[in-house]
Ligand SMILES: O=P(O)(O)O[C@H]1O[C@H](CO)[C@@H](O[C@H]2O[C@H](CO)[C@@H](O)[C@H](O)[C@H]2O)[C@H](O)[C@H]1O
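The chain below stands alone and is given as structure tokens, in the form predicted on its own.
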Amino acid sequence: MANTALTRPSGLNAASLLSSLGGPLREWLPRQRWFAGKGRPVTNLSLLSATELYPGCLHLLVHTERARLPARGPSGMPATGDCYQLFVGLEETLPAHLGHALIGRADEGPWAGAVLYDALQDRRTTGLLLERLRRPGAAGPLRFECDTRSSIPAGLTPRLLDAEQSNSSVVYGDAYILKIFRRVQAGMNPDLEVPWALSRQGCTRVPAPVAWYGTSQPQDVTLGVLQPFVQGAADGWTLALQSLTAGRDFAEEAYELGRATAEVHLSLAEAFPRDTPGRSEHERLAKAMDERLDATARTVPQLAPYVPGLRAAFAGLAARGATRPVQRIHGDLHLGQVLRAGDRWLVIDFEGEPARPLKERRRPQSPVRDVAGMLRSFDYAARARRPWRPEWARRCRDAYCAGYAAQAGWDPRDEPEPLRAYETDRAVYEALYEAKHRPGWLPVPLAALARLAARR
């Protein structure tokens, strides 16, 4: 690779780097789709790790702190922090084809005058990542590993996807897809841990990882996972909307999706330990749901009329609990997390909700939670096309549960208290998200919460 970057200072001293890069990064980070806490300025930026991938391209782990918006009143704004993975290119003059990747210009420090850009938009960077994954080894603190049973071809053309929200993904020659985790936490990411374990169980519903990379400095962190790219597949959300637009029924597809979900749950139960929670655990879970309801009601006043009825859903979970053991689950299952390849459903994206702590995402939970997430997704799809089609959603929900029961040997509808509680908790989360990011969609979770609050 030719060195087209400006003359560089020697070494990667953290203080020197931050003096040059800190200002542009503070301005650029809050504008990225994968940056948590939109609308909150970065109050502090610290460098955890810096590795030169090639001349003029740095791999960075940065820790950001940002002001927390107060729930009430102007006082008290403690900082909250996150760690992000960045690829920063430094050039004297940015080539025209990378103009869209501009971060800014360094005005201070030893790199003064350098133009910063998102190097993940540069094919030199994405091509190098594939080569590193093909040949396991180290690059400074970075560690590249692969499944020795896999053989990854060289020279595959990289293509950066632009439709993601919380991560970045690169497709190589329509053969592999590399998911790059932007917001990272210490520990093994479930999107590597779970598909790897399922592949050892012989589960074919989940694309198996073929290579991955991470770091052990300053802590063990999973940074990216390479998996087969499923050509010609369509995600469940797209297929559901097509069904609604064409006026077609989706119950048969929902039934098969229920079978696929149960098959994955059964494999997870074999791959990871299970446990049977006691009454105190049900009470703890219900209390946490109740607290999330209270916090959301303070932010979303439209929720207030339904709060008493929604508390009853959580009280039912605390009083009667669930009969099924807890186990590892998907954790964020919806129509956008499944692919239809031919007549077969695949389940992807086992990262869970990125905003939740990694320890919580890896904790055994009730499989009913995944079922509730998919039921909510059918409701969302039915309301995404006008006129609203509640009977379409009802048929899909029933068919999905029936398919699940046919494969798992038990019907989620036979666990009414947990199912209602998890569906309520999910809809509360949706109401908070929509109020913050898509106010026009707020009526969707509010309608579900009205229904759930009225159920007896």
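Residue positions are given as counts along the sequence shown, with the first one as 1. C-alpha atoms forming the largest set that superposes within 1.5 Å between two forms make up the rigid core. Since we're looking at a predicted model, the values are computed, not measured.
This protein has a second form, the form predicted in complex with this ligand, left out of what is shown; the following refers to that one.
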Just give me the single entry in 354, 158, 190, 316 that has a non-hydrogen atom within 4.5 angstroms of this ligand in the model of the complex. 354
Just one of 118, 253, 349, 263 has a heavy atom within 4.5 angstroms of this ligand in the model of the complex, so which one? 349
Report yes if any heavy atom of residue 426 sits within 4.5 Å of a heavy atom of this ligand in the model of the complex; otherwise report no. yes
Partner contact for residue 335 in the model of the complex: this ligand, 4.5 angstroms, heavy atom: yes
Is residue 380 part of the interface with this ligand in the model of the complex - any heavy atom within 4.5 Å? yes
Residue 33 within 4.5 Å of this ligand in the model of the complex, heavy atoms: yes
Which of these stretches, 397 to 405, 427 to 435, 414 to 422, 47 to 55, has heavy atoms within 4.5 Å of this ligand in the model of the complex? 427 to 435
Is the shift of residue 25 between this form and the one not shown large enough to count as movement, that is, does its C-alpha move by 2 Å or more after the core is superposed? no
Comparing between this form and the one not shown on the rigid core, is the C-alpha shift at residue 431 2 Å or larger? yes
